[in-house]
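Given next, in structure tokens, is a single chain: the form predicted alone.
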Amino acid sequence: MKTKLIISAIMLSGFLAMSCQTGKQKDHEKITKTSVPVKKIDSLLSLMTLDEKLGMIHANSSFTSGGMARLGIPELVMSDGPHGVRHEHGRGWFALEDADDKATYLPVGICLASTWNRELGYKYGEVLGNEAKERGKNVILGPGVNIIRSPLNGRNFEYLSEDPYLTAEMAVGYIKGVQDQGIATCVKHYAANNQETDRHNIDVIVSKRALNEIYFPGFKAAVQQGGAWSIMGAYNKVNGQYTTHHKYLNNEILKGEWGFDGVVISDWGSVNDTREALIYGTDIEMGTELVKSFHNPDYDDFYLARHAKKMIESGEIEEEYVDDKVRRILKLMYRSTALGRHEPGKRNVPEHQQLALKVAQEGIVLLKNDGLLPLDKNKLRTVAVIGHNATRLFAERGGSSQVKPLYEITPLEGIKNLLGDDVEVLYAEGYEPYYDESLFRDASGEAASQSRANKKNVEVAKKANQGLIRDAIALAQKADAVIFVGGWIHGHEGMPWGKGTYDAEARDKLNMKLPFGQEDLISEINLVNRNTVVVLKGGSNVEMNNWLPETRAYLHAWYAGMEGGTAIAQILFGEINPSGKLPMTFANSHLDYPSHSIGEFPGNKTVQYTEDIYVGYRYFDTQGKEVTFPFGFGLSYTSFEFSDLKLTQMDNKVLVECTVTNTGSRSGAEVAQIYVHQMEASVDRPVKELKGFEKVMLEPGESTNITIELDKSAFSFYHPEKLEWTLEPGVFEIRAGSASNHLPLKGIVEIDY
């Protein structure tokens, strides 16, 4: 059987564009372009006093900025929510305990990116936008599109990829899905916010080439393809200036070169200077006084409140700067649910839960399998589930992305639900989380002292619990198969937010070693039961050399949302064929990554990005360095073959055609990945760069012809001296395959336009 699938991957923004739009995505363009009443906005602005204008450009509670009741302008209501609408806050910082604020807990951003499925990106956004709308929000703070520069970043789980193209492709669908519901996305954190430790103080020293080729494309696509209505400034500095009010980032690039007509919202407390915030692009200041005083914030003491008024009244700053900010805010309001007309939203409905399950099913990645998987429940009498993460709940942890879910299926529950009464399921915790001072640093970079920890709730530097290990080994010995569920966690009970965290906002990990004695436990289980599957949760990888060689099967489950346990069980027992692909390189040690080996992370007050454009696989493949699992890699229970590469030049574009065939015995999905390399150039260029992909579902024996269209921007680079995108005529190698290290098809094109 042979079908034909034509995919458009024209990169209109200098890097990429979305594939053919759906009707809903076209409706999004209508909302963006035609529903903003410019004359009405000008009329409202003309009726405002300076005080009223200033009241709209800073917070008046933890998650609202001021409105103007006299003119019928409401507050602008925001919520955290990269993967679910955050629990409700009152006028102050703290949560409302009795609020009706349960929401769908979607798989985290890196799990979404692991699907390599643009359609799921859009549907994910639809769910998030619907639920935000039903909760009365106007702006959702997401998606996070910061590049995964280091595996240690505590917030990697919220982000999408180490690759700018994949990041941008998945973000665009998400943005359109949210905004088609009348909810503004606030794409974050602009820009080069790639670490959490000391994020308020660091100065990222990075070239304009690296910014434009690696760290900007997700934001650029969000603006030019996604039509994002707002962008969030970051905490850090870039090349000496705070990003939230940065002349180059905001005025020259975002609002200048990219033509962004939306609102720049500060991260909570990221404004540091009144004059710069006024003239360098900050439109709404959030969180400043809340950071200083949670209980009694003075909202008139924000930089963009009375301090701004003083500068304007003195003549130091023109009032037109404030007028531009208010115009942008009103434009966002008319586009969104604040002042625009939109259908009612819905929340916690079965179709949202099914979407959460679907993303988990396609985002979980099978990394090793020697034939053990899928497990056959008809051949098993007992299964031992071992590991603390088999029963741990993750939705309400991790920092500002926390969600209060209607429910959350754990791996143990998912396995029991699937097996029913047919197989006996035994459980042992195996290990317990603890707080170890040696694993963390406080904001100054010094080791956190025991005296500053909560001694009542924290056990310091405790070794693995030998009793739990003994119980686990005894269980493993008598089971027909073992499913070990471990990995990272979102923080530790009893610790202040940001302290004692392993995989969460405000703190980075110091290494990639599995915590709590898990490495030794896995090794001991492997010795007594060869039918052991390792399932790890977490926003990035761990060191694997000590346990992976003896492990027969390894599934990386990220944080897979409210139906994550269901999806894990379905994959383990073959009800779902895994199709996830890694959106980041899995090397064995953090010291292998260029951010550590030739750059700096976390650094001191300055962090030198001396690896420049060589992030992730660009570095490993160019340097010929071996990794444990490469970018784009993921196994299936069937097999695929790539053939018949054809390259055709027409109308200043290159058509890349190939055939993908399911050569196995069951249906499954494969991701065709297209990489480009310029053979000779006047500047250093990586040996491969992702420039196109498409995910296809095939029945056994079925073939599909894929056509991916690349325009000249797929072959361009940002010139480090000319400071512009440049295409140098020459010979380009184009390769196609299923992962960055498995590209069996290769062809050459010569480009002279």
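All residue numbers refer to positions in the sequence shown, first residue = 1. What you see is a predicted model; the values in this text were computed from it and never measured.
Beyond what is shown, the protein has a form predicted in complex with ligand GLC; the following relates to that form.
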Tell me, please, which stretch of 308-316, 185-193, 108-116, 210-218 lies within 4.5 angstroms of ligand GLC in the predicted bound form when heavy atoms are compared? 185-193
Of 581, 155, 83, 176, the one that lies within 4.5 Å of ligand GLC in the predicted bound form (heavy atoms): 155
Note which of 141, 615, 160, 403 lies within 4.5 Å of ligand GLC in the predicted bound form, where distance is taken over heavy atoms; exactly one does. 141
Might residue 693 be said to contact ligand GLC in the predicted bound form, defining contact as any heavy atom within 4.5 Å? no
Taking heavy atoms only, is residue 367 within 4.5 angstroms of ligand GLC in the predicted bound form? no
Examine residue 715 and determine whether its closest non-hydrogen atom to ligand GLC in the predicted bound form is within 4.5 angstroms. no
Is the gap between residue 198 and ligand GLC in the predicted bound form 4.5 Å or less for some heavy atom pair? no
Can you name the residues of 265-288 that have a heavy atom within 4.5 Å of ligand GLC in the predicted bound form? 267, 268
